[in-house]
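A single chain comes next, written as structure tokens; it is the form predicted on its own.
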């Protein structure tokens, strides 16, 4: 009697009632909810209320697995097979042969001693590009965020201007800068108009790598500036007011207060920009095509050319290179998660 009197209808679990049709006054919607209610209520009685969220997640999980995990598995199958055949069933199993071919080097410092020297030139170019691009990206983004966080005239306008290149397609960005930097482009016209000599910005290896880094920083700096700007605006203002009352120099306030409090955002920016730098392809491919020679050839472009654009297509070698690149990106993602968890704790 006591248990019966303490159990009220409002608090007792009622799985079937939670799925009661509620279509409101719309007759069509009411009919749809009534039709869906019967199988969903039966399914809930069968698997229990706690497992019902997985039913609603199942369609997304199926599509995610179909378009992410299945291609990864197929790519791995290609990386352990050889031959020119397209279908996996017609390709002979070679084990780790493709990986052995990629890593067969007399000296990893000298790409000329490697059997697949283009892969290693792509690796070195990607490392060089990633280091200088990330350093320039983080430094300029931090400087821009600090300036845009000040009370300057036209602050909203300048925030929009710095973010605008992020909205452009990488191909559009590369075509614009190719028009500016080509032999008879806008920049050479300006230099010659001032009495200077024509410079082959995209035909000399040093200049080509410089402009590839410059264009990448210009195109993506706005996104990282936005992250750092949000971090700066989250710092409590009373800290700066206390430092101002103590007459602390500005450089000391930035170094001892702003930078430590902004460090979690800086870690996110560094890891995200590094992952993007390793994956770079479209801008460089349109701007220089990897040239002159192989001076701006990146790993992703090597994978694309090996699999699709070379006269002899080698799907297995390209798949092995993409697996190696995927492992590197996975390690960078784990590093980002570790730093994020440390930030949360």
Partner chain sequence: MSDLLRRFEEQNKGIKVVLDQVPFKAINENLPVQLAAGQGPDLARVADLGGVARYMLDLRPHLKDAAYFETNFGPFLEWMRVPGDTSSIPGFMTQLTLTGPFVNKTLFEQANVPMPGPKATWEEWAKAAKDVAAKVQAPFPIAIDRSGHRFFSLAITQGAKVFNDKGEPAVVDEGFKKGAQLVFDWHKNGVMSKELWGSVAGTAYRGANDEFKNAQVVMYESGSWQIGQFDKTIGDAFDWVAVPTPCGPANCSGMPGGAALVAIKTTQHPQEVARLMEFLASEPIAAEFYERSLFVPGHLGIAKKGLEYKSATPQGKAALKVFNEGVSQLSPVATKLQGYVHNRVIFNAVISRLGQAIAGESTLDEAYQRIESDVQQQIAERTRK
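Residue numbers count along the first chain shown, from 1. Note that the coordinates shown come from a computational prediction; the quantities given were computed from them, not determined experimentally.
Keep in mind that the form predicted together with its partner chain is missing from the display, and what follows is about it.
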property	result
4.5 angstroms heavy atom contact with its partner chain in the predicted complex for residue 280	no
Partner contact for residue 101 in the predicted complex: its partner chain, 4.5 angstroms, heavy atom	yes
Partner contact for residue 309 in the predicted complex: its partner chain, 4.5 angstroms, heavy atom	yes
In the predicted complex, residue 165 touching its partner chain (heavy atom, 4.5 Å)	no
In the predicted complex, the one of 88, 264, 185, 205 near its partner chain [non-hydrogen atom within 4.5 angstroms]	205
Interface residue in the predicted complex among 139, 154, 71, 83, criterion: non-hydrogen atom within 4.5 angstroms of its partner chain	83
Its partner chain in the predicted complex: contacting segment from 272-280, 58-66, 27-35, 301-309, heavy atom within 4.5 Å	301-309
Heavy atom contacts to its partner chain in the predicted complex at 4.5 Å, residues of 256-292 in sequence order	288, 289, 290, 291, 292
